[in-house]
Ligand SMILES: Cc1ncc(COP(=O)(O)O)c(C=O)c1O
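As a starting point, one isolated chain is supplied in structure tokens, in the form predicted alone.
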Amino acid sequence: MNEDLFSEHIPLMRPWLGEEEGNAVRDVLASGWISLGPKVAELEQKIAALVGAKHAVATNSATSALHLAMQTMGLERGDEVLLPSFTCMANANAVLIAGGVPRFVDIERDTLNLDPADVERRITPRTRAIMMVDQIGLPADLDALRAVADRHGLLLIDDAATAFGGKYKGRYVGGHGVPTCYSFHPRKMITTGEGGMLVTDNEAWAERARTLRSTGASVSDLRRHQAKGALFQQYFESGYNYRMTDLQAAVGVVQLTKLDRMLEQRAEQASLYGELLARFDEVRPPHVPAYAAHAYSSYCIRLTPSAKVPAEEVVRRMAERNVSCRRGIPPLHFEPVFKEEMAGLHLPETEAAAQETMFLPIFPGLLASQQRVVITALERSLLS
């Protein structure tokens, strides 16, 4: 890790990478097999076993994993998918790539996750699926959303891009029988540089996803190699190049060995932030319902009405004090790409959260002394 990158400021995040990952990549390079192959299969098996899913399908991104999940589950062109507006554009992109129509729903004030009551209010005859998002590392209320989906005969997909390692009612997100997608971007819990994963208990969906991620070929490159070229692929439908490489998977396998320590450090850092913020009337720390174990892939605070300085200005002031923060998630229904289609849509909790929330630095290796520097900078930045 190049320490010069972080010598003069506290970053919002930094990946936890070391010699082990470098050695793993060198081993793959020496093997001569660097594309999708045995290391990808190993990562898939380890993640499925960890979270308690029957199948795992590695991809080049969480967006690809979400697309494959919707396509293999039977989403058809023109079907509407309900999802939060308080989320990454990748969620809406995945719906659009799959031929669906995004329909945005409001969030709960305390968890910042989908509001099941608003989901139910917005169901139309064209609604086909609900995409729940475990936002900021906090698992959403799966049982409540699954009950809505079951009542209306809808597909349910879980975007756990930021919540790998988080738990819902004592079990890892992804281990509850709902197709679930993870991201391995550097800002997420573990990283492969870029990459994603779909986990599911449905064997047919998993097999089709594996075929679609590799251009639709009926036989994988690895199987053809192992058969010394005696196997020949066929194409029964067109697919995509959504393959993860063995180079990436090798990094992911090593990262998995660090997951428990990452989760432990993040929980400790969140606890310290909570203690340090207790004296602030202007700030509210994250809310964690009794059903959830937060992964703390990010640490999101909310400014209260007592705060005299807007969150965006606080972020700018923190940067001047050499602490990198981020503003809250901009609502997707306000983005130019949806401006005409979503004209008149009002999601009050989403819009309020976007104005009142911001992210503080949190990552493995962040020191308690650095967290105190962050809070001191925050205190000064909140002064009117």
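Numbers follow the displayed sequence, beginning with 1. None of the values given here were measured: they were computed from a predicted structure.
Below, we turn to the form predicted together with this ligand, even though it does not appear here.
The single contact residue among Q71, Q269, Q255, Q135, judged by any heavy atom lying within 4.5 Å of this ligand in the model of the complex, is Q135. A single residue from the set L155, V288, C88, A217 has any heavy atom within 4.5 angstroms of this ligand in the model of the complex; that residue is C88.
By the criterion of a heavy atom within 4.5 Å, A295 is excluded from the residues contacting this ligand in the model of the complex.
Using a 4.5 angstroms limit between non-hydrogen atoms, G165 is distant from this ligand in the model of the complex. With a 4.5 Å cutoff on heavy atoms, T180 does not count as touching this ligand in the model of the complex; it lies far away. Not displayed here, this ligand is approached by A62 to within 4.5 Å at the level of heavy atoms in the model of the complex. Figure note: of the listed segments 22 to 30, 315 to 323, 54 to 62, 37 to 45, the one touching this ligand in the model of the complex, with heavy atoms no more than 4.5 Å away, is 54 to 62.
Looking at this ligand in the model of the complex, residues V105, P116 and R122 place no heavy atom within 4.5 Å of it. Along 158 to 182, residues D159, A161, T162 each place a heavy atom within 4.5 Å of this ligand in the model of the complex.
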